[in-house]
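This document starts with one chain, in the form predicted alone, laid out as structure tokens.
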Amino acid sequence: MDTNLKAKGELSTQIATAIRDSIISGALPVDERLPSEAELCEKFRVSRPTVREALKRLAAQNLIRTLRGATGGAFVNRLSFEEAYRQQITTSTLLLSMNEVSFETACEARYALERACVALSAERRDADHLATMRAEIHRQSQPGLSDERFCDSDVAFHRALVDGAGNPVLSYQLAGAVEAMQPLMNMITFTARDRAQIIKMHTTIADAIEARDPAVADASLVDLSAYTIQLAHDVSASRRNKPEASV
């Protein structure tokens, strides 16, 4: 573990990074007990509050867990796929909400990643994935469906397409793209979108996946990406041209 801290930069962040790197490299294996707070203070030559802040950062990332008692302390966590999945969604949501990336950049990345799943999904999808996609298309067609529920259904449709690839690494990578980016895209474009057009593209995708035709599904995703970006441009232009309310 690198215990040399730089003069610039928050000390607790540097300590958390050093411990995290040791966990990732395997120097601190799963269930290993970390050095005590006193030992960490000595190693890094910092105060106890600084060490505690570093440990809080690691705990917030689910990298460590803290146990009380005589045999307690901080231990390296065994991170489950579900926990990593949720963390990916949270991180992506924060980045988007803080406007760290533009809508067009997020949209481009989101559909490029999903297109990477199409061939595998066409090959590996099972009856449950197809049934979910069909059920969501039917749900989206219901009169009176609220925008919020349409968004939920939209996410569920694309989640089924991604999970149909049968690759948990791709599912993890796309967790943020689908479940963080998709709601944001819907929130920005819902006032301008044509549900019938989206449903038509979803139907084309589902038909192609069922027919094991990745080329058609991919082409429809390209169309859906272009349509979403155009909607965002239209909404932005409409807002710019909207006259300000008089006082």
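Note that residue numbering follows the sequence shown and begins at 1. In this text the structure is predicted, and so the values were computed from the model without any measurement. Take the two forms, superpose them, and find the largest set of C-alpha atoms that agree within 1.5 Å; that set is the rigid core.
Quick note: we don't show the form predicted in complex with the DNA, though the next part is all about it.
- Not displayed here, the DNA is kept clear of Ser146 by more than 4.5 Å at the level of heavy atoms in the predicted complex.
- Within 4.5 Å of some heavy atom of the DNA in the predicted complex lies at least one heavy atom of Ser12.
- Although the partner is absent here, Ala70 is a contact residue: one of its heavy atoms lies within 4.5 angstroms of the DNA in the predicted complex.
- Although the partner is absent here, Thr203 sits far enough away that none of its heavy atoms falls within 4.5 Å of the DNA in the predicted complex.
- This chain is displayed alone, yet in the predicted complex one of Asn62, Thr191, Gln197, Ser47 has a heavy atom within 4.5 Å of the DNA; that residue is Ser47.
- Contact with the DNA in the predicted complex, judged as any non-hydrogen atom within 4.5 angstroms, is confined among 52-60, 203-211, 218-226, 23-31 to 52-60.
- Comparing the forms between this form and the one not shown on their rigid core, the Cα displacement of Ser146 stays under 2 Å.
- Comparing the forms between this form and the one not shown on their rigid core, the Cα displacement of Gly166 stays under 2 Å.
- With the core held fixed, the Cα of Ile15 is displaced between this form and the one not shown by 2 Å or more.
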